[in-house]
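Single chain ahead, by itself, as structure tokens, in the form predicted on its own.
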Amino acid sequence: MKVTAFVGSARRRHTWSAAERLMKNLQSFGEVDYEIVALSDYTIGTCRGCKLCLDDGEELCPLKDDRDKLIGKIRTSDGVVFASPNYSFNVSGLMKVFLDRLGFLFHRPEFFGKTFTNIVVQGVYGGARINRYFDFIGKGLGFEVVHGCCLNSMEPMTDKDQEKCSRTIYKLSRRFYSSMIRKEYRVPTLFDLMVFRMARTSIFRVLDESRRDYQYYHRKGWFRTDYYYPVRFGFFKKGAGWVFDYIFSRGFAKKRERRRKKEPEWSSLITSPQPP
């Protein structure tokens, strides 16, 4: 199995060491090849918000950087780790720029069947919220998410502090490896199902065949499936899916009707007298 860690720190100290320790643990559990990617070694442009990647395709992005190289590393991995120091109570700027470059993948998730976790390294506090943010990111990209860990690395670190960090990383390594070798899709929650049906309905009702999101969902067959991947739903969740479809379809239809009524009639604009 291949695991890739993406480190959002410009220096190879605590965050890098934590990612390396996790990888060594994984190798002690089984046959694992790993790579630790320092994002600072790659050219990552700042997203301009032009939305070309969302509407027409990521290949039209005006930024010519290493985004596709980094995404390629994710695609060839069985497991992925995002590791970041806690900077100003959030991920590092380097990590955030990288996440912004993955924006189109939240519209067109593709990493189902791959396992994801995260590591946050901090001095004092705030890291638990960043762990939750990373978990949310991983889920949005399609990963099977293993809740990450937060490490305190106030310098100078005592032997006791280092031992505590080692135990925390070991526990995360165990959970991550167990999820990775399980090789099965988890059963989505009711909330997961609702999000999928809402996204699918909005794309089907609002977009047309010229938009990349529509093309992606059509190619995946998601307009006809119960969920992103094959899963057996019980009667309750199957019924809930139909209810979500009905509610969201009605909602988008009403929204479109309200918008149409607010639009001025072109004929009246043409025939009405114009101000001098």
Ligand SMILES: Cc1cc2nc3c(=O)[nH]c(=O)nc-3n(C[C@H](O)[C@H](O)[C@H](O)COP(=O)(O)O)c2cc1C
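All figures in this text were calculated on a predicted structure; none of them were measured in a lab. All residue numbers are counted from 1 along the displayed sequence.
Just so you know, the form predicted in complex with this ligand exists too; it's not on screen, but the next bit is about it.
Asks: Work out which of the listed stretches, 74-82, 124-132, 175-183, 100-108, brings a heavy atom within 4.5 angstroms of this ligand in the predicted complex.
Replies: After filtering at 4.5 Å, what remains is 124-132.
Asks: My question is simply whether N86 lines the interface with this ligand in the predicted complex - judged by any non-hydrogen atom within 4.5 Å.
Replies: Yes, contact at 4.5 Å.
Asks: Tell me, yes or no, whether R11 is in contact with this ligand in the predicted complex, where a contact means a heavy atom of each within 4.5 Å.
Replies: Close contact exists here: in the predicted complex, R11 approaches this ligand to within 4.5 Å, heavy atoms only.
Asks: Determine whether any heavy atom of T168 comes within 4.5 Å of a heavy atom of this ligand in the predicted complex, and answer yes or no.
Replies: T168: no contact with this ligand in the predicted complex.
Asks: Is there any non-hydrogen atom of S202 lying within 4.5 Å of this ligand in the predicted complex?
Replies: S202: no, not in contact with this ligand in the predicted complex.
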